[in-house]
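Okay, here we've got a single chain as structure tokens, the form predicted alone, with questions on binding and movement later.
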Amino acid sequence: MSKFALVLVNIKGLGVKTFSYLIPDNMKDIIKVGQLVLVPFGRQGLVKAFVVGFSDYLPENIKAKKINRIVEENPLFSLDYLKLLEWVANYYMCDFVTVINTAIPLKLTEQNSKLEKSVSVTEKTTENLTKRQKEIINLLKEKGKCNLVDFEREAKTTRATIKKLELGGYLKLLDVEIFRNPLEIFSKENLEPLFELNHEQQKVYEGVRKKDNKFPILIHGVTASGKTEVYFKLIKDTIDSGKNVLFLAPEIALASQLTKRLAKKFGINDVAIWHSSISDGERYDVWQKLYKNEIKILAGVRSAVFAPLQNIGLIIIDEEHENAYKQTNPSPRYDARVVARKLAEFHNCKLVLGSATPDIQTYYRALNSGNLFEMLHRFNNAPVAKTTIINMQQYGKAAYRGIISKQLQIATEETLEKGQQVILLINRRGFSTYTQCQACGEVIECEHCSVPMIWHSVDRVLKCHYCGREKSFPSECPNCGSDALHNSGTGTQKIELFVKELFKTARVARIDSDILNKKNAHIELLNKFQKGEIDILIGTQMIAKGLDNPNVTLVGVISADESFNLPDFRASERGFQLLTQVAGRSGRGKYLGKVIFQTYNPDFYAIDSAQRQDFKTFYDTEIAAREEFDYPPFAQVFRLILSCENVFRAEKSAMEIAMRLNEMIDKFGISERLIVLGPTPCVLEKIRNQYRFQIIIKNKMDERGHQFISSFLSKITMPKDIKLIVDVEPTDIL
């Protein structure tokens, strides 16, 4: 056994530098690569560190200190896993330890002792249960389906414990309800068979199988075309070959629904889920099973790309166009789709992306690599819902409260009379979107952010959606003293009120981030809608994806223009995707669907393309504009944001960095291939009392340009009062 362990110390700013520590005799037989240990480190005292190697040699004149103790005997990673994290740190230009702490939640290491201590608590609590309750708990525990630890620790009474059990505690990893006979539901004999693929699905499936692993594969399938069944067939092939599958979805609710379906198809013992809402105890259990290669299919959101799944043979990213795959804050500002590409390279496996409205960049690359497969018909050739555009310039005056058109009212009434369901989209939460003085025009803004405060009628407060600041409605205008303050604009709360006024007997519910304080509230709401307990569901963009309810036959978009009015090069793409996706929620069953877009700009090309569900026409228009203005996929975009409480210092620092960068670019004669724009104030100029200026860099030199920018930024030292954010390939430039 080697004398010294090489460790990465969990302190920012040290990069990938390793330090040598003497291995005590009592650790020599148990120490392994990937373990978390405690080591003495200068004035820092004892700090956490990761074992990454071993050595018998030490430079002269250096006396090695001893490892204090092993925090976690079970290794948390392999060396190959560490290489992936190092690549992420380099690509996204952030500290290596920051990536490690994002990828490996160190709270997991604190769970072992807590789990052991909780056994007696569990036994004591179950003494007072009914016979049926004891029977359920014991059966689940015997089969390894139940870990009562997390909700036993929280529950104050037996009643609360059982309530949590009934909400899905025994299968919390799947976020599903407790079944009457849970052991049979997911037994091998009762698994749901895979569907027989139709001709179009079979053609895509066979085409994907034949492709090599060199480039990502895109399945562009219209909503309800049956992409998931193709995924499942590919998953079965992968598992049968002895390899494992990583399946990503953009949001927790979708990942939960997906995991439930996977468990019914492939068995609960082979499936796990990974996202922020599962408890630390569950996360620890899943992490160890993944590392030991005991999980065949891992479903999750973007963070699951860092889970230590072994022997990967297939990576699937559904709804690949979604912004949610990109972490915007805090660092590392990684994109799970990009990390998945690198992960697929490491494992030499297929990466399959799927969407009805693919990201422009993804579609372009798939088209040019010959890795594009299209499914342009709904499953069983079900007709696409008919979309009607309502020109609010013409019909707005006759609309209810100037917002809900007569046509949408009539369509809703007809839908409800048939016992069918309605989805209404308004991509703004709150009651109104700004409060303005009608005497002087002053708009009430957040004191800490340069954005209007939003009136929330339920809480009866003005809220800032960026810093969370709240205040009561002012009695007079802070500018002129007038009492002529008026709430304007429309949010989900206002639409909910108006819908309840119009359809008094309808069961109406609203789903947006304001009502999702309770854990898993969104899943409970969507389940109620799926069961038909809600007639009209009003929501933001979160209702535009993943809902597969055959009883929804009407989708109304209150303001189709909302997403297009942003000063961002992706605004048209995001707006088109949202309209197309939400339209796809209508008419997915045996009933013909209907879609209504309300707009003040009916001739806009993105709205026209969304009405016709015509991605190709939209793509052709959009890709031409991207090429003309050097935006992705024709250039890689970097965004530098400098912020400070002092607006002049923030601007000055931004100007100095831009000047130095331009000088270096000119020196190397690459100004036509590395284009620097700015600095300019950000669209959202102030957030949380920090004034913000941005520099946009367009890189047309691929990896060489990336290295050039990375090298330049690594030499910059910022004053303590100024913060520099580096966002590689941002999803927006607001």
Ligand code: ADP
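Don't overthink the numbering: it's just position in the shown sequence, from 1. Predicted, not measured: the structure shown is a model, and the values here were computed from it.
Although not depicted, the form predicted in complex with the named molecule is the subject of the following passage.
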query: Stretch in contact, per heavy atom within 4.5 angstroms of the named molecule in the predicted bound form, of 227 to 235, 305 to 313, 390 to 398, 494 to 502; finding: 227 to 235
query: F379: touches the named molecule in the predicted bound form, heavy atom cutoff 4.5 angstroms; finding: yes
query: Partner proximity in the predicted bound form: F195 to the named molecule, non-hydrogen atom cutoff 4.5 Å; finding: yes
query: Contact of S450 with the named molecule in the predicted bound form (heavy atom, 4.5 Å); finding: no
query: Exercise: T223 in contact with the named molecule in the predicted bound form, heavy atom 4.5 Å; finding: yes
query: Heavy atom within 4.5 Å of the named molecule in the predicted bound form - residue from K418, K203, K528, R261; finding: R261
